[in-house]
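Only one chain is given next, in structure tokens, and it is the form predicted alone.
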Amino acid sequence: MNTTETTVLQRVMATGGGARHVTLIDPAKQSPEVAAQRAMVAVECGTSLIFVGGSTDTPDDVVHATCVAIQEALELRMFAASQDPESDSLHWDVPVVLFPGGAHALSPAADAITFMMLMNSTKRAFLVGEQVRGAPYIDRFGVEPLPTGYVVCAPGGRVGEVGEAELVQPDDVDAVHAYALCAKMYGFSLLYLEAGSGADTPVNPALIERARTVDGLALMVGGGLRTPSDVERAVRAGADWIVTGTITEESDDLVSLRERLQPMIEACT
């Protein structure tokens, strides 16, 4: 997508006007067609990025089909808006970004990829192994990398288990500060604090506040954010981006998705 001249990274790093929202869509949890419908509802509600990924074992053909379906739906909405003088076609200029579980879950149809190091993993594969495997394909596809430090905080959920992460505990503000400094020194642009998909509690705002003291990083927070109040606390603590995914999967239909998502996105501002 990304029809403007700015890169996805420039758009992610832009500041002002409060936090922004990311809708995470796991291609393993629905068909590409349903994924596209859910993505359109999210954009209607004001989400600013669509992440595609999550599950560690989703094959690349499923990921690719999901990215294609979402891109095609966005293009149709943008074209329709361009024909209506009362509509803003740029509202539909929303990047589709890979959020991969590994080097197998890639697609040339994406605009960008969170090129992540799981910084507190004890497993080489998630520190550099999968990244080395995937880098030649990302380069060949021309997908824009978004250098991202990914830190899993307690409770951690499935990503903490699979990634064999030494979880950052809710009160360990010195550890999260050290990770943020390390991410900056590595030259990462994004720092993602993750409580785990479907976590029963979100990242402790104290951790967000401490990470926020390190300048030059766009701070993303996800996992366990189930209510507008959860979002407001994360934003007040310093989050630049709020990521939600489970509420999209749990919604029975598009009407209920809109009803649940709208107040979450409004809480970002």
Ligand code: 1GP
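Because the structure is predicted, anything quoted here is derived from the model rather than measured. Note that residue numbering begins at 1 and tracks the sequence as displayed.
Beyond what is shown, the protein has a form predicted together with the ligand; the following relates to that form.
Scanning Tyr179, Phe126, Phe99, Trp92 against the ligand in the predicted bound form with a 4.5 Å heavy atom cut-off leaves one residue, Phe99.
A heavy atom within 4.5 Å of the ligand in the predicted bound form is found for one listed residue only; from Gln71, Thr114, Ser189, Ser197, this is Ser197.
Contact with the ligand, judged by heavy atoms within 4.5 Å in the predicted bound form, is confined among 204-212, 61-69, 236-244, 32-40 to 236-244.
Of the heavy atoms in Pro27, none are within 4.5 Å of the ligand in the predicted bound form.
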